[in-house]
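First, one chain by itself: the form predicted on its own, in C-alpha coordinates.
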Amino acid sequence: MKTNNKILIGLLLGILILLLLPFLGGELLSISALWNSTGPNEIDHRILWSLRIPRFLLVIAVGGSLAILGATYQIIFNNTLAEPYILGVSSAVTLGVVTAETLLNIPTGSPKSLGFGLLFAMVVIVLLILSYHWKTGKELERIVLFGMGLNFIFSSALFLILSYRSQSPGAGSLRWLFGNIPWINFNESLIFLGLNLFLCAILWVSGRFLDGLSLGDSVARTLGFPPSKVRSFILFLTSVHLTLITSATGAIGFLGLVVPHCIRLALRPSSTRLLFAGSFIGGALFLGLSDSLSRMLLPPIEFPVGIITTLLGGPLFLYLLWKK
(Lines give C-alpha, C1' and ligand atoms only; values in the text may rest on other atoms or scores of the structure.)
Protein backbone atom coordinates (compact mmCIF):
# COMPACT_ATOMS: atom_id res chain seq x y z
CA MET A 1 0.00 0.00 0.00
CA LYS A 2 1.35 3.42 -0.94
CA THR A 3 2.31 5.77 1.87
CA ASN A 4 -0.19 8.46 0.85
CA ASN A 5 -3.05 5.91 0.77
CA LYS A 6 -1.99 4.62 4.16
CA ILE A 7 -2.03 8.14 5.58
CA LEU A 8 -5.45 8.87 4.04
CA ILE A 9 -6.99 5.68 5.43
CA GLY A 10 -5.48 6.40 8.85
CA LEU A 11 -6.87 9.95 8.88
CA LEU A 12 -10.34 8.84 7.76
CA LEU A 13 -10.43 6.10 10.40
CA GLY A 14 -9.39 8.59 13.08
CA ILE A 15 -12.10 11.05 12.01
CA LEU A 16 -14.73 8.29 12.06
CA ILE A 17 -13.83 7.30 15.62
CA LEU A 18 -13.77 10.98 16.63
CA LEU A 19 -17.34 11.46 15.44
CA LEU A 20 -18.53 8.72 17.80
CA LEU A 21 -16.94 10.23 20.92
CA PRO A 22 -19.74 12.72 21.79
CA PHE A 23 -22.03 9.74 22.41
CA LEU A 24 -19.68 8.30 25.07
CA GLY A 25 -19.63 9.39 28.69
CA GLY A 26 -21.13 8.60 32.06
CA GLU A 27 -24.29 7.70 30.11
CA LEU A 28 -24.27 6.40 26.55
CA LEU A 29 -26.43 8.33 24.09
CA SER A 30 -28.15 7.00 20.99
CA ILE A 31 -27.30 8.42 17.58
CA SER A 32 -30.98 9.30 17.12
CA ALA A 33 -30.44 11.97 19.81
CA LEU A 34 -28.74 14.02 17.10
CA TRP A 35 -32.09 14.88 15.50
CA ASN A 36 -34.91 14.02 17.90
CA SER A 37 -35.60 17.03 20.14
CA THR A 38 -38.99 15.72 21.21
CA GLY A 39 -40.29 12.52 22.68
CA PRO A 40 -38.16 9.90 24.47
CA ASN A 41 -34.89 11.32 23.14
CA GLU A 42 -35.51 14.92 24.21
CA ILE A 43 -33.21 14.68 27.24
CA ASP A 44 -30.50 12.93 25.20
CA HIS A 45 -30.81 15.63 22.53
CA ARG A 46 -30.31 18.41 25.10
CA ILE A 47 -27.38 16.61 26.76
CA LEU A 48 -25.73 16.07 23.39
CA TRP A 49 -26.10 19.59 22.00
CA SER A 50 -25.85 21.61 25.22
CA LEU A 51 -23.04 19.65 26.92
CA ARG A 52 -21.36 16.97 24.83
CA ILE A 53 -20.94 18.76 21.48
CA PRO A 54 -19.42 21.98 22.94
CA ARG A 55 -17.04 19.88 25.03
CA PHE A 56 -16.24 17.76 21.97
CA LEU A 57 -15.29 20.87 19.97
CA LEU A 58 -13.07 22.02 22.84
CA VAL A 59 -11.39 18.61 22.99
CA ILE A 60 -10.70 18.70 19.23
CA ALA A 61 -9.15 22.16 19.53
CA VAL A 62 -6.97 21.33 22.54
CA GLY A 63 -5.92 17.79 21.57
CA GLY A 64 -5.14 18.61 17.96
CA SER A 65 -3.30 21.81 18.84
CA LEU A 66 -1.14 20.21 21.54
CA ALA A 67 -0.09 17.45 19.14
CA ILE A 68 0.84 19.98 16.44
CA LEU A 69 2.76 22.06 18.99
CA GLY A 70 4.65 18.96 20.10
CA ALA A 71 5.55 18.11 16.51
CA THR A 72 6.68 21.70 15.92
CA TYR A 73 8.98 21.78 18.95
CA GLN A 74 10.48 18.43 18.01
CA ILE A 75 11.35 19.87 14.59
CA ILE A 76 12.72 23.28 15.58
CA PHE A 77 14.81 21.83 18.43
CA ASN A 78 15.78 18.72 16.44
CA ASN A 79 14.90 16.66 19.50
CA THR A 80 12.28 13.91 19.51
CA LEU A 81 11.86 14.34 23.28
CA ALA A 82 10.75 17.97 22.99
CA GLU A 83 7.15 18.70 23.96
CA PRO A 84 4.94 21.80 24.31
CA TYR A 85 5.67 22.41 27.99
CA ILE A 86 9.46 22.30 27.71
CA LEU A 87 10.01 26.08 27.67
CA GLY A 88 8.13 27.00 30.86
CA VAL A 89 5.30 28.95 29.21
CA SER A 90 2.61 26.71 30.69
CA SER A 91 4.20 26.99 34.16
CA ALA A 92 4.05 30.76 33.85
CA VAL A 93 0.37 30.64 32.87
CA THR A 94 -0.36 28.28 35.76
CA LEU A 95 1.46 30.53 38.20
CA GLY A 96 -0.45 33.57 36.96
CA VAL A 97 -3.87 31.90 37.24
CA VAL A 98 -3.20 30.37 40.67
CA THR A 99 -1.75 33.67 41.93
CA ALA A 100 -4.90 35.46 40.81
CA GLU A 101 -7.10 32.91 42.59
CA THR A 102 -5.02 32.55 45.75
CA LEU A 103 -3.96 36.11 46.47
CA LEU A 104 -6.72 38.12 44.77
CA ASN A 105 -9.68 35.70 45.09
CA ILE A 106 -10.25 35.71 41.32
CA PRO A 107 -11.99 32.46 40.27
CA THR A 108 -10.08 30.06 38.03
CA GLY A 109 -11.27 30.27 34.44
CA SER A 110 -12.61 33.80 34.70
CA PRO A 111 -11.44 36.44 32.17
CA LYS A 112 -9.39 38.20 34.87
CA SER A 113 -7.53 35.01 35.85
CA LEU A 114 -6.85 34.26 32.18
CA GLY A 115 -5.50 37.80 31.85
CA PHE A 116 -3.05 37.13 34.67
CA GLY A 117 -1.96 33.91 32.96
CA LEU A 118 -1.44 35.75 29.68
CA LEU A 119 0.58 38.48 31.42
CA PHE A 120 2.93 35.98 33.05
CA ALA A 121 3.26 34.07 29.78
CA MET A 122 4.15 37.18 27.77
CA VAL A 123 7.02 37.90 30.18
CA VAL A 124 8.37 34.39 29.57
CA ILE A 125 7.95 34.66 25.81
CA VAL A 126 9.97 37.90 25.73
CA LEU A 127 12.69 36.36 27.92
CA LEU A 128 12.90 33.28 25.69
CA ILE A 129 13.26 35.33 22.51
CA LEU A 130 15.90 37.53 24.16
CA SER A 131 17.82 34.49 25.40
CA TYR A 132 17.87 33.07 21.86
CA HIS A 133 19.26 36.30 20.35
CA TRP A 134 21.55 37.18 23.26
CA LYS A 135 24.68 35.85 21.57
CA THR A 136 25.60 35.41 17.93
CA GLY A 137 25.82 31.63 18.21
CA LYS A 138 22.10 31.21 18.84
CA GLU A 139 22.56 27.65 20.14
CA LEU A 140 19.25 25.88 20.53
CA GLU A 141 20.45 24.27 23.74
CA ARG A 142 20.53 27.70 25.38
CA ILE A 143 16.85 28.41 24.90
CA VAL A 144 15.87 24.89 26.03
CA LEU A 145 17.98 25.14 29.18
CA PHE A 146 16.71 28.67 29.79
CA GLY A 147 13.13 27.44 29.48
CA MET A 148 13.80 24.53 31.82
CA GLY A 149 15.27 26.93 34.37
CA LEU A 150 12.17 29.11 34.18
CA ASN A 151 10.04 26.00 34.53
CA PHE A 152 11.77 25.07 37.80
CA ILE A 153 11.45 28.61 39.14
CA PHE A 154 7.76 28.97 38.33
CA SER A 155 6.93 25.48 39.60
CA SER A 156 8.68 26.25 42.90
CA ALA A 157 6.86 29.57 43.19
CA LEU A 158 3.57 27.81 42.44
CA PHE A 159 4.01 25.26 45.22
CA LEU A 160 5.16 28.02 47.56
CA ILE A 161 1.89 29.89 46.98
CA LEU A 162 -0.17 26.74 47.45
CA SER A 163 1.72 25.92 50.64
CA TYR A 164 1.08 29.45 51.91
CA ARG A 165 -2.64 28.79 51.97
CA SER A 166 -3.70 27.00 55.11
CA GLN A 167 -6.92 25.76 53.52
CA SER A 168 -7.42 23.64 50.42
CA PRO A 169 -6.64 25.48 47.20
CA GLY A 170 -10.10 24.56 45.95
CA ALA A 171 -11.49 21.90 43.67
CA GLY A 172 -11.46 24.21 40.67
CA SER A 173 -7.79 25.06 40.87
CA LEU A 174 -6.77 21.49 41.74
CA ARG A 175 -8.62 20.07 38.74
CA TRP A 176 -7.17 22.79 36.55
CA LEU A 177 -3.63 22.07 37.79
CA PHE A 178 -3.99 18.42 36.75
CA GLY A 179 -5.41 19.32 33.33
CA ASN A 180 -9.16 19.65 33.05
CA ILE A 181 -11.67 20.01 30.20
CA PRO A 182 -14.32 22.53 31.35
CA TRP A 183 -17.99 22.49 30.42
CA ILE A 184 -18.63 25.50 28.18
CA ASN A 185 -21.47 26.64 25.97
CA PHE A 186 -21.69 26.17 22.21
CA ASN A 187 -20.70 29.72 21.24
CA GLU A 188 -17.63 29.68 23.51
CA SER A 189 -16.53 26.33 22.07
CA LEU A 190 -16.87 27.62 18.50
CA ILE A 191 -14.80 30.72 19.28
CA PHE A 192 -12.10 28.65 21.00
CA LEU A 193 -12.04 26.13 18.15
CA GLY A 194 -11.82 28.93 15.57
CA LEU A 195 -8.87 30.60 17.33
CA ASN A 196 -6.97 27.31 17.60
CA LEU A 197 -7.65 26.34 13.99
CA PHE A 198 -6.41 29.76 12.87
CA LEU A 199 -3.14 29.35 14.79
CA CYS A 200 -2.76 25.76 13.55
CA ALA A 201 -3.31 26.99 9.99
CA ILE A 202 -0.44 29.46 10.34
CA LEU A 203 1.83 26.63 11.49
CA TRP A 204 0.60 24.45 8.62
CA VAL A 205 1.41 27.21 6.10
CA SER A 206 4.86 27.46 7.72
CA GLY A 207 5.41 23.76 7.03
CA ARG A 208 7.91 24.33 4.23
CA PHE A 209 10.04 26.49 6.53
CA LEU A 210 9.95 23.77 9.19
CA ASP A 211 10.98 21.23 6.54
CA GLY A 212 14.01 23.42 5.87
CA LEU A 213 14.82 23.78 9.58
CA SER A 214 14.62 20.01 10.03
CA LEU A 215 17.48 19.65 7.51
CA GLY A 216 19.71 22.15 9.33
CA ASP A 217 20.28 25.90 9.32
CA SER A 218 22.73 25.79 6.41
CA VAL A 219 20.16 24.05 4.22
CA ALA A 220 17.52 26.55 5.33
CA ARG A 221 19.72 29.44 4.19
CA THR A 222 20.18 27.86 0.77
CA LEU A 223 16.39 27.66 0.51
CA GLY A 224 16.25 31.43 0.87
CA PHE A 225 15.03 32.18 4.41
CA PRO A 226 16.87 33.19 7.63
CA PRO A 227 16.54 30.28 10.11
CA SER A 228 16.96 32.42 13.24
CA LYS A 229 14.12 34.80 12.31
CA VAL A 230 11.82 31.96 11.27
CA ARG A 231 12.58 30.05 14.48
CA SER A 232 11.92 33.18 16.60
CA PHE A 233 8.57 33.75 14.87
CA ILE A 234 7.52 30.13 15.37
CA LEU A 235 8.61 30.21 19.01
CA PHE A 236 6.51 33.32 19.57
CA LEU A 237 3.50 31.88 17.74
CA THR A 238 3.62 28.51 19.52
CA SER A 239 4.07 30.18 22.91
CA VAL A 240 0.99 32.34 22.37
CA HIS A 241 -0.92 29.27 21.18
CA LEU A 242 0.12 27.26 24.23
CA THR A 243 -0.86 30.16 26.49
CA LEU A 244 -4.37 30.11 25.03
CA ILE A 245 -4.71 26.36 25.62
CA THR A 246 -3.22 26.33 29.13
CA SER A 247 -5.40 29.23 30.23
CA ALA A 248 -8.47 27.18 29.38
CA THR A 249 -7.49 23.65 30.42
CA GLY A 250 -4.30 23.72 32.48
CA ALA A 251 -1.36 21.50 31.53
CA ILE A 252 -2.35 18.20 29.88
CA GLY A 253 0.67 15.92 29.97
CA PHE A 254 2.22 13.52 27.46
CA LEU A 255 -0.14 14.28 24.56
CA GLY A 256 2.23 16.63 22.72
CA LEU A 257 5.14 14.25 23.29
CA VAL A 258 3.64 10.86 22.42
CA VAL A 259 1.19 11.60 19.58
CA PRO A 260 3.76 12.95 17.04
CA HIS A 261 5.95 9.90 17.77
CA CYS A 262 3.07 7.53 17.08
CA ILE A 263 2.13 9.35 13.87
CA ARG A 264 5.72 9.12 12.60
CA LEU A 265 5.90 5.41 13.39
CA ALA A 266 2.45 4.50 12.06
CA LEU A 267 2.12 6.72 8.98
CA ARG A 268 5.71 7.79 8.19
CA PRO A 269 4.64 11.18 6.75
CA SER A 270 6.93 12.55 4.07
CA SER A 271 6.50 16.22 5.01
CA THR A 272 5.80 18.44 8.00
CA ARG A 273 2.33 19.29 6.70
CA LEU A 274 1.36 15.61 6.55
CA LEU A 275 2.80 15.17 10.05
CA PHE A 276 0.67 18.09 11.25
CA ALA A 277 -2.49 16.67 9.68
CA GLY A 278 -1.91 13.28 11.27
CA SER A 279 -0.91 14.80 14.60
CA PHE A 280 -4.02 16.98 14.75
CA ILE A 281 -6.37 14.03 14.20
CA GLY A 282 -4.31 11.79 16.49
CA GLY A 283 -4.14 14.39 19.26
CA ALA A 284 -7.87 15.09 19.10
CA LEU A 285 -8.59 11.36 19.15
CA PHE A 286 -6.22 10.66 22.07
CA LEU A 287 -7.63 13.50 24.17
CA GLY A 288 -11.20 12.61 23.18
CA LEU A 289 -10.78 9.01 24.31
CA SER A 290 -9.08 10.16 27.52
CA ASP A 291 -11.88 12.64 28.21
CA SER A 292 -14.52 9.95 27.65
CA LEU A 293 -12.67 7.60 30.01
CA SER A 294 -12.44 10.33 32.67
CA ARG A 295 -16.25 10.47 32.72
CA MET A 296 -16.96 6.73 32.27
CA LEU A 297 -14.67 5.15 34.88
CA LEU A 298 -16.70 5.96 38.01
CA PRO A 299 -19.75 8.04 37.08
CA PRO A 300 -20.83 10.57 38.22
CA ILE A 301 -17.21 11.26 39.29
CA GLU A 302 -15.21 13.04 36.57
CA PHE A 303 -11.44 12.69 36.81
CA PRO A 304 -9.10 15.45 35.54
CA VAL A 305 -8.26 14.49 31.97
CA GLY A 306 -4.54 15.21 32.50
CA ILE A 307 -4.37 12.24 34.87
CA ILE A 308 -5.87 9.93 32.22
CA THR A 309 -3.58 11.16 29.43
CA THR A 310 -0.55 10.63 31.66
CA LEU A 311 -1.67 7.14 32.71
CA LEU A 312 -2.20 6.20 29.05
CA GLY A 313 0.69 8.16 27.57
CA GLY A 314 3.31 7.16 30.17
CA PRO A 315 3.37 3.43 29.31
CA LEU A 316 3.16 4.24 25.61
CA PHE A 317 6.14 6.60 25.93
CA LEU A 318 8.17 3.93 27.75
CA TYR A 319 7.27 1.42 25.03
CA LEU A 320 8.46 3.80 22.30
CA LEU A 321 11.73 4.37 24.18
CA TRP A 322 12.17 0.61 24.59
CA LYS A 323 11.64 -0.01 20.86
CA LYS A 324 14.02 2.79 19.96
Partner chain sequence: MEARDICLGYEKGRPLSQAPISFQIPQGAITALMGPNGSGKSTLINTLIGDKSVLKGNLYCYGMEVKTISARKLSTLVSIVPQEHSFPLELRVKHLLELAFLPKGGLLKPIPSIESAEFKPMIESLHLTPLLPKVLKNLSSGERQRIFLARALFQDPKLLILDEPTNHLDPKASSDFWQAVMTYKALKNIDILMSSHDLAFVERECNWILALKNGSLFFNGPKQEFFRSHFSKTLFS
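On a predicted model such as this, the values are computed, not experimentally measured, just so you know. Positions refer to the first chain, counted from 1.
What comes next is about the form predicted together with its partner chain, which does not appear here.
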Item to check | Residue (of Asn185, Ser110, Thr222, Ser155) lying close to its partner chain in the predicted bound form, criterion heavy atoms within 4.5 Å | outcome: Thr222
Checklist outcome for this item: None of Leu160, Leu215, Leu119, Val126 but one has a heavy atom within 4.5 Å of its partner chain in the predicted bound form; the exception is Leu215
Next on the checklist: Although the partner isn't part of this model, could you tell me whether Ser50 comes within 4.5 Å of its partner chain in the predicted bound form, counting any heavy atom of the residue?
Outcome noted: no
Next on the checklist: Under a 4.5 Å heavy atom criterion, is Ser32 part of the interface with its partner chain in the predicted bound form?
Outcome noted: no
Item to check | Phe209: touches its partner chain in the predicted bound form, heavy atom cutoff 4.5 angstroms | outcome: yes
Checklist entry - Does at least one non-hydrogen atom of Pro226 fall within 4.5 angstroms of its partner chain in the predicted bound form? => result yes
Next on the checklist: To test your reading of this chain, name the stretch in 54-62, 265-273, 278-286, 295-303 whose heavy atoms come within 4.5 Å of its partner chain in the predicted bound form.
Outcome noted: 265-273
